[in-house]
Ligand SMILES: Cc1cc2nc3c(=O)[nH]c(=O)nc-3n(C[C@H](O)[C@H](O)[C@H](O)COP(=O)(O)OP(=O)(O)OC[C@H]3O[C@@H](n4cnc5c(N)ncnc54)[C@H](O)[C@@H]3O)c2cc1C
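So this first bit is one chain, no partners, the form predicted on its own, shown in structure tokens.
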Amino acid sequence: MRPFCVTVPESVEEAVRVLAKWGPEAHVIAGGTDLLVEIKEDRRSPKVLVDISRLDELRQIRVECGVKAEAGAETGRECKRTDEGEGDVVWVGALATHAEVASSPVVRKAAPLLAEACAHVGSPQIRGRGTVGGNISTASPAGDVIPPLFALEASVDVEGPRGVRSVDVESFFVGPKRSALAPGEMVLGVRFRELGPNHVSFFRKLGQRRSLAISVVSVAFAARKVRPDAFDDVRIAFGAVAPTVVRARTVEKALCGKRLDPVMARQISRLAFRDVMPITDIRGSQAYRQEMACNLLYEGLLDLLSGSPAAGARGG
């Protein structure tokens, strides 16, 4: 392991200045659950680690009135909707840990599938140290947090030498462990509209063990329930089945407005074959991943049709 130095900035602006100065030889660290492993295995050799763990403004989980953030918003603050039929915007800071997101009343109400995904990340120790920003910045196609963000149609806020910009989540991930972060940029957090009172959702993950395992396949689902057996506004994302997390738009289109029974749900779930492009690796073969992607979606749909609380329904 090559020696490195650590700097602890007191502001985001200071962190950005250090990143811009050192370029690819600097790396942001917060929980360090992924980065430190890579450093120990000599897969990364940064000269400078920029420790942002003391930037408390990036630890907030808050509700924002309307599309734009309101300065000074507090975690969990209630605010009225600005547009009839549209939910408030939720902002989750990059330093929010998986444990904090999983237990957050704001997230559990607005996006239960994201809370559920964070509850499935690693061990209790990892959930207590690992952060949402770290999971996003690592850009692994198997990252548990990422499929729910796709299903929520989230955006990623980043800051760099040229200021702050927002990147829609599908454009942020460009390949395995590759993101749209420009030199000197860092992730500030993510924002998304809360699911409406008639929306239902679920997150399901398949690993080699029930816990402490990297995903072999995962699926995130969100939709509005228009009848007990029909949905619209369907959003489905699969993880660990392609170079990046993918939206299953073939399945989404087939599900919208369709009256479902178990047989129809099974048939539509099989369309996931058209959207996923898995590889074979030590955790699973291509054929196995394709089959399990279909099965995880089918099981989730069955729970929704049966009204099972395991489906992560919100409201109706």
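Small disclaimer: the values here were computed from a predicted structure and weren't measured. Throughout, we count residues from 1 along the sequence that is shown.
Quick note: we don't show the form predicted in complex with the ligand, though the next part is all about it.
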Assert contact residue (the ligand, in the predicted bound form, non-hydrogen atom within 4.5 Å, options S103, T138, S166, N198) equals T138
Check each of M186, A115, V89, V246 and return the one that places a heavy atom within 4.5 angstroms of the ligand in the predicted bound form. M186
Check, residue by residue, if A220, M264 and A293 all come within 4.5 Å of the ligand in the predicted bound form, counting heavy atoms only. no
4.5 angstroms heavy atom contact with the ligand in the predicted bound form for R108: no
For R204, is any heavy atom within 4.5 Å of the ligand in the predicted bound form, or not? no
Does any heavy atom of A30 come within 4.5 Å of a heavy atom of the ligand in the predicted bound form? yes
Using the partner position in the predicted bound form, report whether H120 sits within 4.5 Å of the ligand, counting heavy atoms only. yes
Mind telling me which stretch in 248-256, 35-43, 283-291, 270-278 gets its heavy atoms within 4.5 Å of the ligand in the predicted bound form? 35-43
Would you give me the residues of 156-179 that have any heavy atom within 4.5 Å of the ligand in the predicted bound form, in order from first to last? none
